[in-house]
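In the form predicted on its own, a lone chain appears below as structure tokens.
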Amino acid sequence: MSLFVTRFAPSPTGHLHVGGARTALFCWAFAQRKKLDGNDGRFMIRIEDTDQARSSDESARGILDDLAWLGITWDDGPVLKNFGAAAATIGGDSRNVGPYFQAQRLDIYNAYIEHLVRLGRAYPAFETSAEQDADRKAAAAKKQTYKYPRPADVQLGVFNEARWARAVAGEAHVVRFVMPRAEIRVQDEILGEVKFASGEVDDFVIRKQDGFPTYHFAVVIDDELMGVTHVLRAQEHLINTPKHVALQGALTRLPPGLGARGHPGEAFRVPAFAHLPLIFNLDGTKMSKRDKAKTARKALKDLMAKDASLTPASLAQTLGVDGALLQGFIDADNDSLDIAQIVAAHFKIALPEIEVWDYRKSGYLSHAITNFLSLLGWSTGAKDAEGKDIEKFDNAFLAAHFALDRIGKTAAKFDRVKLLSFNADAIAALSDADFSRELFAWADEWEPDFARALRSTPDARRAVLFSACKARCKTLRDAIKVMEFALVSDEAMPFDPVAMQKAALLAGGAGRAPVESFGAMLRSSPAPLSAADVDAWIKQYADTNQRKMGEVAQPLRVALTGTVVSPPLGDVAAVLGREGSLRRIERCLAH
């Protein structure tokens, strides 16, 4: 039985992007497929929190929650306790390769950095930010690409004791890797052989001035010591690969006491790389969290163009934000998500869903999300009985059919309309019991007032309501509007005067007659209402009185729901029941 280890290593600086979710999903599916094949497949989570200014425990917990919600559970990694209704515990350190937060592994990184420095493969660099900025400007003035110039006293393979002494004495510095001048070749599992020319990468920083390692260094150390065999990541990381391969070629194992399992002196492995196609919007732009800022900015500028009183100064005061920050947002000098969300909330602007958190809040089902994400750049290769490609499946199906050779090379397009269609189909396919469970779980988390209203609705009415409205909900959030008519008491339901005017119910209008006739039918028929009976009555009344169906249905709709938009009338009447329908009709006529 062979060991196969994949990992997903998010930075806890915000919510989980759907692109990151797809990467995690593919890493999970790869490991699951290896298990199904009889191997030891393991999926690992590692939190890359070396950016101390932006990382937070809250963000890390949110990312873990999102992954677990999607059904992407991990064998090794941080422990997530009390997740879900079953209070599940996910993660652990059964292979003894943790800790899984990089900020807790500094001793390991520092030992390997000193090791590289003494081998003459890395060196402290003491240039200030101002000096480097001046060098960059000078290169730009000459229309040249800036590359960090290796100091004259640094030689590959020679320990620079003087520089190390200055660093140990406390002089401000970074540590740079001595990049070898040689072509680097990588055999990518998706892209094939990729070549990087000699001199393409200069001596890059592996430890920052704050003492924390850069992403490039920490990821290489951790992948080796944690036994990662396959690195699946987005193609945007392909540019980083020559740095990682060069580091792997320079490093050897240190004693096990420093977190390494294996034999000291062993060369670092080069894991198998598989770079996944990027995810683009339908217009060909890269799907990014900045899309929210772009949407809010455009809507705000359109509003300002229509209303001269909306100036940056007045808006800053109204929104309660810093004027300079808002002006920079309007001028596209910054893409502040905080400003975007404040603007969107105040002006009721719908921002595009980008992160898994957005889709959870909007009422998407987790298995609809993973189904859709798995088809972004990957195909099942499976056919249904009619010979058509299978598109609707669950995570278990994905794991059973997953293979790297079915991942494409070109960018995938994120079609939000198709995702919404997937979600609508997934909701429609739920049993009434599952729909009830999913709706209550969502409402308890995101719309507690709605959840309380649902629970206060009589059981009989609620059961019919769920069955009648399920097919009209593309998202769980849609249920708030779709079910609104049934969640208010018959005595308190408001009637929209504009809707009553349109339905000709006011001042003895023509809409009054079918409502009165329907009320009379209800009084004379003690039998329980069914949707089919109500629909048949409406058709019969329209035919008998030579009226259009809409001229009968619309006044009844207003009488039963107070508005001109609702589920089908038969379903509405069945939900309200005979007595509830009568009470609303009588109140409407009394109006």
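In this text, residue numbers run from 1 along the sequence as written. If you're wondering where the values come from, they're calculated on a predicted model, not measured in any experiment.
Below, we refer to the form predicted together with ligand GLU, which is not included among the displayed structures.
- Screening 121, 360, 243, 233 for any heavy atom within 4.5 Å of ligand GLU in the predicted complex leaves a single hit, 233.
- Checked against ligand GLU in the predicted complex, the candidates 466, 450, 196, 215 yield a single residue with a heavy atom inside 4.5 Å, and that residue is 215.
- The stretch that touches ligand GLU in the predicted complex, counting heavy atoms within 4.5 Å, is 233 to 241, out of 512 to 520, 233 to 241, 365 to 373, 352 to 360.
- Contact between residue 9 and ligand GLU in the predicted complex is found at the 4.5 Å heavy atom cutoff.
- Using a 4.5 angstroms limit between non-hydrogen atoms, residue 219 touches ligand GLU in the predicted complex.
- In the predicted complex, no heavy atom of residue 51 sits within 4.5 Å of ligand GLU.
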